[in-house]
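The data below hold one chain only, encoded as structure tokens and taken in the form predicted alone.
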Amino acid sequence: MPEINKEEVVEVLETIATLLELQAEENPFKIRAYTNAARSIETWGGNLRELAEQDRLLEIPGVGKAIAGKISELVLTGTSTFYDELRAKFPEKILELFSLPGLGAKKIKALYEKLQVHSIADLAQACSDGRVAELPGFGKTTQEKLAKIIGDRAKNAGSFQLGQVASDAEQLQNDFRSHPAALLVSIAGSYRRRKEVVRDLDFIVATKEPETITEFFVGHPLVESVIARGATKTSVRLRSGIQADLRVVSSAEYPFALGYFTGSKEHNIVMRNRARQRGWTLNEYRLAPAEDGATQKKKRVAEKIPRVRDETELYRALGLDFVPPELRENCGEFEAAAKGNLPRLIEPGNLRGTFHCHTSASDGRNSPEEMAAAAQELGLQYLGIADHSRSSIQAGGLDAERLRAQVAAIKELNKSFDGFRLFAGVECDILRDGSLDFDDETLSELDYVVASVHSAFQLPEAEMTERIIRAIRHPLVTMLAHPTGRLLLRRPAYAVDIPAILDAAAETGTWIEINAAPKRLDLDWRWWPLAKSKGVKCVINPDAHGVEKLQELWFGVGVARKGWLTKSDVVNTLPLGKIEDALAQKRRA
């Protein structure tokens, strides 16, 4: 009998709700019932199988008798007759249409019934033929937008968000390190440099038994298929879809291979040039005397080649301080490393708390108590609750009355903590004209305010910039969340003048967020050196909608390190006691 976990049950219920929306004249209350049941089960802490065996599924809030029966069948047998029959009514790939921004059930239903669009490929062809523009409710503009979205998606095929592959990357690295034949192990490539999007994973393993390590790699449970296998390099496709490459080297070759395959390409070019200036040649395996291309005779070595046992000694040999992997983009790191001016970058252990977190009061999955407990387990001293404001209807945003009730509940909860505090805030929508979703009286009752854009993404750059700056200048706004609104590989940033935003933040003392959710990682690392030069303070937030998402702070720290930020540049490295002063100072600014 196949086992099915809670996440799979939730996925089935959500898919049923989606497919019911595609059916003609389906009862909207029935659709909502499946959606509500999915949300309830997400936050339910009990054992579904035990409840099903004891016929107690009705104890879960939001689960009625009919849905309880379907859940019971699912967890006890591993299948659902209702789901299978419903799924059989529709083409296999129709659900992928829901992943396209701007396409809801009604429009997908129209595309399916009137144009026989069964997949993204069908939709691309319909757009190319001009048939989408002829449908009522679509038009030429919608057709062009859909064609662009599909085209962008095709360009990104084979690309993955950093967070999508982190689990595989870390598991493989840990499993290599536990292997008795592995002497030295590291992930390399863009993952090691903490790029927001990666196309493959690179592993470097020093060993005296290369065949043993290779055999272990190709037989790993995460591997779906072998692409190529050689004496020193092997490539596989993981079950997650990403390609992973293994290079087995000797311990002497390891520091050179790790540096070379970490990259970036631009960084490596400068490294090789610095070696050439000293009469050496640098490649992925060694540092050696340069050779004359015409005579193949060794040149006179201007400097004796030092012994290189690790990356630090490699950089030292080239007259440089060790450059952290995150900075290896040829964006000023060589000048700083040559002068001894590289910053001491922020580390995950420097964070003392965070602010942008949601609960089940809006679209989160856990209570404030559960979020607080998870934060304490991570060693944090404080956590800010910032549920959505009333205009975010799709996210169950809070009105003023519910927000005040939450503030009161948080104050009561704080009486039970020792050395930990919950801060009461809100993620307040910035409306189209730059005004805020709540009045000043309501906002003044909070410890802090997170301002963010959740609508009207298509505004012209000047209008969007003015909109955000007006919000930043509001004295009760503490921080700006996900400043460009991007969703990596899914939705581009909206048009906005980031330098102007940073100027306004510097002027008002408003904190700018690094949204650590892997789908966002916004504000982009490329802007942080400029922000830092203007004196703008960073706040690293997970935008957590569940207790497990608090751990995504790690991705935000990677962005901060890549943006040259130190502990002093990030406000939530302040301990409890000092962070209260920082929050109060922002309101006095």
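In this text, residue numbers run from 1 along the sequence as written. In this text, rigid core is short for the largest set of C-alphas that superpose within 1.5 Å between two forms. The shown structure was predicted, so the numbers you read here are calculated from the model rather than taken from an experiment.
The same protein has a further form, the form predicted in complex with the DNA, not shown here; the description that follows concerns it.
Undergrad: Based on heavy atom distances of 4.5 Å or less, which listed stretch (418-426, 259-267, 315-323, 380-388) is in contact with the DNA in the predicted bound form?
TA: Only one stretch passes the 4.5 Å heavy-atom test: 259-267.
Undergrad: With the DNA left out of view, choose which of Val407, Ala506, Val223, Leu103 has a non-hydrogen atom within 4.5 angstroms of it in the predicted bound form.
TA: Contact residue from the list: Leu103.
Undergrad: Looking at Ile393, Ala462, Ala228, Ala88 here, can you tell me which has any non-hydrogen atom within 4.5 angstroms of the DNA in the predicted bound form?
TA: Selected option: Ala228.
Undergrad: Mark Gly535 yes when one of its heavy atoms lies within 4.5 Å of a heavy atom of the DNA in the predicted bound form, and no otherwise.
TA: Flag for Gly535 set to no.
Undergrad: Taking the DNA as it sits in the predicted bound form, is Tyr254 near enough to touch it, meaning that at least one heavy atom pair lies within 4.5 angstroms?
TA: Residue-level check for Tyr254: no, no contact with the DNA.
Undergrad: Flag Tyr285 as yes or no: does it have a non-hydrogen atom within 4.5 angstroms of any non-hydrogen atom of the DNA in the predicted bound form?
TA: Residue-level check for Tyr285: yes, a contact with the DNA.
Undergrad: Since only the chain is shown here, I'm wondering whether Gly139 would be in contact with the DNA in the predicted bound form (any heavy atom pair within 4.5 Å).
TA: It does: once the DNA is placed as it appears in the predicted bound form, Gly139 has a heavy atom within 4.5 Å of it.
Undergrad: Only counting heavy atoms and a 4.5 Å limit, does any residue of 254-281 reach the DNA in the predicted bound form, and if so which ones?
TA: Heavy-atom contacts within 4.5 Å come from Tyr260, Lys265, Ile269, Arg272, Asn273, Arg276, Thr281.
Undergrad: Is Glu548 one of the residues whose C-alpha moves 2 Å or more between the shown form and the other one after the core fit?
TA: No: Glu548 shifts by under 2 Å between the shown form and the other one.
Undergrad: Against the rigid core, is the Cα displacement of Gly69 between the shown form and the other one at least 2 Å?
TA: It does, since the Gly69 C-alpha is displaced 2 Å or more between the shown form and the other one after the core fit.
Undergrad: Using the core for the fit, does the CA position of Val559 change by 2 Å or more between the shown form and the other one?
TA: Comparing forms between the shown form and the other one, the Val559 CA shifts below 2 Å.
Undergrad: Would you mind telling me if Ala408 and Ile60 are closer or farther apart in the predicted bound form than in the shown form, C-alpha to C-alpha, with a 3 Å or larger change?
TA: Ala408 and Ile60 sit farther apart in the predicted bound form.
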